[in-house]
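One chain follows as structure tokens, the form predicted on its own.
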């Protein structure tokens, strides 16, 4: 149980899932193609109704595709029933058996495989140790906290040594502090065991902290696949830029191009920004400026703005400032004590072009 030796590479080829018939048809998943490498942790991220959960259910075998192929280690499993797929799933509801204690919940799948009792005991004890559940073996689920129940659900999945581990928003029932702790534990265990993992969430923080790559979905389609850094700093579309984190969008004109850099006019000043490959000279575009890329000061500069709101949050201050009738969000993550700008005051505004990005309108 110390290492995972048999991992699975997953490939989706032009997968489509249509619910309903005729005029009531809904394309829940629309021509999705995706490759997940062995041992990789990939998160499907997006708002409700974007197709992420249906995609996970297609991978698990709870739904079958209308068209397209699902290949695990190059074998098409699109029509294989879920009980015959070498996968395990961790559910949002934990789905523990209330009449079985912790040990028997974890051992359940191994008993179905008719493994020898000594091997079951060894495998279960190892995973209980990994999940910090030692001493709780004889407790029933109703005697456990939410975090402990989640650990049992994770242990039950991992003890099976699946080729693919699937997560359906498993942390949504936990409080914020416990969610952060469980994220770290899931990532540590996944890396230690090397199990290929597919995780579904609408929580950007979970996706960014857990994943090797993030798949951002919208209306059944993939908007972008990339590392957390790539999708945050270089979003492929306006939807991704707006959905991942927070962003200001400043309309501008593209004056010139120099490779992957564009010269644009931002509030009367020429600025050089990294840009999308779709940017063309002469077109309207949006400069995406993250709130943390903007700095405010009491000095005079080319950009003067009025502070409309100021919210003190302890380790940060969040502002809304108005410049040329546009409201911009600003976050100061290292506020100087006693130097918070008051609502109604005028401040100098500068932003870091290297932390901004130009997208087509």
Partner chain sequence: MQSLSLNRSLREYRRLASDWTLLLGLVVVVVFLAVAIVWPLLKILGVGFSADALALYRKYFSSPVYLRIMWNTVELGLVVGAVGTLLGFLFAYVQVRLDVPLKKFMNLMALLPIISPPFAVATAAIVLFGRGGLITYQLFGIRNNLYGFRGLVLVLSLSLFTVAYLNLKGMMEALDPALDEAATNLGANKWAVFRTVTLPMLIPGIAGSFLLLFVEAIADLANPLVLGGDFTVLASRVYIAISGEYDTLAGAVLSLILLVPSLTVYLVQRYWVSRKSFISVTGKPSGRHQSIRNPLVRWGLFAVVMLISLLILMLYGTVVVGAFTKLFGINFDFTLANFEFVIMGLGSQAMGDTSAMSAISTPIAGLLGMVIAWLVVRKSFAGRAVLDFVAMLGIAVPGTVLGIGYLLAFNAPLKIGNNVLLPALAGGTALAGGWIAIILAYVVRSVPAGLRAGVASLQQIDPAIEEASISLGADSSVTFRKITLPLIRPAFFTGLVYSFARAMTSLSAVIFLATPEAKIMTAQILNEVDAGRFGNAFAYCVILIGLVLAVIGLLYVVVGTSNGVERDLGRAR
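Numbering follows the first chain given and starts at 1. Treat the numbers as computed from the prediction; the structure is a model and nothing was measured. Between two forms, the rigid core is defined as the largest C-alpha subset superposing within 1.5 Å.
Omitted here: the form predicted together with its partner chain. The next part is about that form.
Proximity of residue 66 to its partner chain in the predicted complex falls within the 4.5 Å heavy atom cutoff.
None of the heavy atoms of residue 255 is located within 4.5 Å of its partner chain in the predicted complex.
Taking non-hydrogen atoms only, residue 156 approaches its partner chain to within 4.5 angstroms in the predicted complex. Using a 4.5 angstroms threshold between heavy atoms, residue 340 stays clear of its partner chain in the predicted complex. Listed residues 146, 245, 82, 194 were compared with its partner chain in the predicted complex; 82 is the one with a heavy atom within 4.5 Å. For the candidate set 181, 140, 93, 272, a heavy atom within 4.5 Å of its partner chain in the predicted complex is found for exactly one residue, namely 93. Each of 20, 88 and 98 places at least one heavy atom within 4.5 Å of its partner chain in the predicted complex. From the list 74-82, 215-223, 183-191, 258-266, the contact stretch for its partner chain in the predicted complex under a 4.5 Å heavy atom rule is 74-82. Taking its partner chain as positioned in the predicted complex, none of the residues of 205-233 brings a heavy atom within 4.5 Å of it.
With the core held fixed between the shown form and the other one, residue 22 has its Cα displaced by at least 2 Å.
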